[in-house]
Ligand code: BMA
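Form predicted alone, single chain, as structure tokens, below.
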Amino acid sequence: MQADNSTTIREFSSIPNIPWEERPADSSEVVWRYSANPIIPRNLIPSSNSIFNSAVVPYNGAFAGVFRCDNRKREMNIHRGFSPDGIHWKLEDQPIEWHTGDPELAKFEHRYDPRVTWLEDRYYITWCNGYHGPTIGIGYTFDFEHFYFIENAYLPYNRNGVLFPRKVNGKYLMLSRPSDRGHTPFGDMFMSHSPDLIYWGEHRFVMQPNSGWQSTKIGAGPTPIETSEGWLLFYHGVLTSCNGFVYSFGATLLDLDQPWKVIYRTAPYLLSPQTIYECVGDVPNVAFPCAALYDQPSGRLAIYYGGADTVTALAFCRIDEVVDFIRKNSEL
């Protein structure tokens, strides 16, 4: 059954039951961690080795999501899940079954790092899909019961495909990071346009790695959030240390009408791996954001991120403080 458009739009602009915890009294951080992290352990379902880098949206007065679950064969796939409060989750042990009329799209290599975006009249899912190498798969659902695979957006190799929540200048927009088969030695962010979510072109450069915590590569995180100051985009950045990659995240403001143009960009990170569940796991030193819930009336934001490629964690902030921090600490 198709979702009620007006009801769901209200859900996305106002989320009075957004998961929330006030900033600790002794903290001055713009983004602060949930004190009961991680909210999803690696073994929540019988088949999982790890559950991380996952996407959450409000749904029917509660919450639903699409979750990266690497199984005990170490296959990478995505599962659906539901929660009454955005913190306590029940996930399906079996991966999502995708309906498609094209047998070429039914071939499975891997699926990982999903994002979910409410766009027009349905929930669109983008993920890193295996098709002779990593590319961006696009599908949709109305009800988180039935899932439909549309197409792969790009030629391999590509990662971090993130849709905008509305058309801009009459076209759909998606951020991505062209890559290679392995752990990319380069990492610029680009934007592409589409008339129909199938054919993508008009590729525009957005930004490249900068210094410090974002010096190796960058990639879009949660669905961009529209504000009066511009599109607020949380993104991850990677530093190459003497002991390997370190994934942190910051944020940028993009022009509302030409979103490939960067207005401000954080020089310091907003959150870096510092806790045990971010520093110790299958891939140490990773804080990787994939979803953000925004309650517009209160200005509260809840950010879901993967910790050490093993568990799912939650952080909080207020949108006015984040925007102010970006403006005051920008380095393009």
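Heads up: residue numbers just count along the shown sequence, starting at 1. Since the model is a prediction, treat every value here as computed from it, not as a measurement.
Omitted here: the form predicted in complex with the named molecule. The next part is about that form.
Report task. Answer for residue 288 alone: is it within 4.5 Å of the named molecule in the predicted complex, judged on heavy atom distances? Result -> Residue 288: contacts the named molecule in the predicted complex.
Query raised in the report: Is the gap between residue 283 and the named molecule in the predicted complex 4.5 Å or less for some heavy atom pair?
Result: So residue 283 counts as contacting the named molecule.
Query raised in the report: Contact between residue 80 and the named molecule in the predicted complex at 4.5 Å, heavy atoms?
Result: No - in the predicted complex, heavy atoms of residue 80 and the named molecule never come within 4.5 Å of each other.
Report task. Tell me, yes or no, whether residue 111 is in contact with the named molecule in the predicted complex, where a contact means a heavy atom of each within 4.5 Å. Result -> No, residue 111 stays farther than 4.5 Å from the named molecule in the predicted complex.
Report task. Spot the stretch among 131-139, 111-119, 90-98, 165-173 with residues whose non-hydrogen atoms come within 4.5 Å of the named molecule in the predicted complex. Result -> Comparing against the named molecule in the predicted complex, the contact stretch is 111-119.
Report task. Quick one: name the residues from 202-222 with any non-hydrogen atom within 4.5 angstroms of the named molecule in the predicted complex. Result -> Only 217 sits within 4.5 Å of the partner.
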